[in-house]
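The form predicted on its own is given below as one chain in structure tokens.
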Amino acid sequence: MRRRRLNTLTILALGTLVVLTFAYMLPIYVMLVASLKTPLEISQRRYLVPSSHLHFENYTQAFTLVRQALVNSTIISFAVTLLAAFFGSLGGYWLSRSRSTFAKVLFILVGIALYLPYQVVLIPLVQIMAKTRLALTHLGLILSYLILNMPLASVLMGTFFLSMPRELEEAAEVDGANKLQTFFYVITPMALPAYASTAIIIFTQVWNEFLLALTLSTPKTTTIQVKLAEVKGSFVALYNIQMAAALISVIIPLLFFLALGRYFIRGILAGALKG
């Protein structure tokens, strides 16, 4: 009886995975097929049928259109990710180790800040960037995204640090290490999964963000998401070029995830596995 139940659960689990995989991969397949067609073939609405003649020149044209935007997004996303992971780890470490009431209240407030939509602070943020003359620059976008993502980085890193035994730090202090040495030489090497998961989440959010980039960017600082909206054309929707550009834009985040992905689940679950 128990074996029959296990077999039924296994079949249900596999069936669910197959359905979810199909639902997830179908749009990607349609994008790939459409990116290799002409506008005339797409207008025939045979979205699942590949073209008899594959037009790889669509990718060449799309890459020419989004090349500078890819460079801008890469610079901005990597800069924000590195800065947010570094400062977020320092803030999260202090919040997780400080015993003061102020630190506990601040930790809660930072967590609450994660649930606030960033559109709430969009106007004040734009005004700050304008008054500091950083609007419409790479640095302005980097600082804006850093401000928006610091609470998330602090909470993720702080949650991980809460799961780490304090005895390691006490042993380092007995050996003569100060707070900074303990953090960089003892805590940081053990926190690599948390750094990786935090970096992946922040990088993905910055790379995919549209509204703030649309507000603060210029033709020289346009990010990939804003550029994808422009690629579709002004009078005729060039879906083949747009799908090719969209697939090109996925390459860098995908490579970033593949490089750090093995640490991702470990970092996310670290806080939940405490005790």
Partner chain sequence: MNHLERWQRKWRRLTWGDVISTIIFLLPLLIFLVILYGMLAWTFYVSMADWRGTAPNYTFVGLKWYKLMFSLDRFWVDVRNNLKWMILGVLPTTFVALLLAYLLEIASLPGTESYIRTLILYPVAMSFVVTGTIWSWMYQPDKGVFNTILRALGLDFLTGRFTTDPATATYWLILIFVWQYLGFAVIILQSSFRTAELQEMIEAATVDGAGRLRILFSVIVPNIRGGMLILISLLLISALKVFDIVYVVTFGGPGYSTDVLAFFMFIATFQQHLVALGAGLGVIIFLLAFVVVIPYTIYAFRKWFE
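We call the rigid core the largest set of C-alpha positions that still match within 1.5 Å between the two forms. Note that the coordinates shown come from a computational prediction; the quantities given were computed from them, not determined experimentally. Residue numbers count along the first chain shown, from 1.
Omitted from view is the form predicted in complex with its partner chain, to which the following refers.
Just to confirm, with a 4.5 Å cut-off on non-hydrogen atoms, which of 150, 164, 186, 135 contacts its partner chain in the model of the complex?
Going through each option in turn, the one that passes is 150.
Would you check, heavy atoms only and a 4.5 Å threshold, whether residue 53 touches its partner chain in the model of the complex?
Residue 53: no contact with its partner chain in the model of the complex.
Taking 4.5 angstroms as the cut-off for heavy atoms, does residue 48 touch its partner chain in the model of the complex?
The answer is yes: residue 48 has a heavy atom within 4.5 Å of its partner chain.
May I ask you to state whether residue 204 is within 4.5 Å of its partner chain in the model of the complex, using heavy atom distances?
Flag for residue 204 set to yes.
Wondering, does residue 221 line up within 4.5 Å of its partner chain in the model of the complex on heavy atoms?
No, no contact at 4.5 Å.
Complete contact of 71, 139 and 168 with its partner chain in the model of the complex (any heavy atom, 4.5 Å)
No, none of 71, 139 and 168 comes within 4.5 Å of its partner chain in the model of the complex.
At a 4.5 angstroms cut-off on non-hydrogen atoms, which residues of 201-216 are near its partner chain in the model of the complex? List them in order.
Residues within 4.5 Å: 204, 208, 210, 211, 214, 215.
Is_shifted residue 129 between the shown form and the other one (CA, 2 Å cut-off, rigid core):
Yes, the C-alpha moves 2 Å or more.
Classify residue 43 as shifted (yes) or not shifted (no) between the shown form and the other one, where shifted means its C-alpha moves by 2 Å or more with the rigid core superposed.
Indeed, residue 43 is displaced by 2 Å or more.
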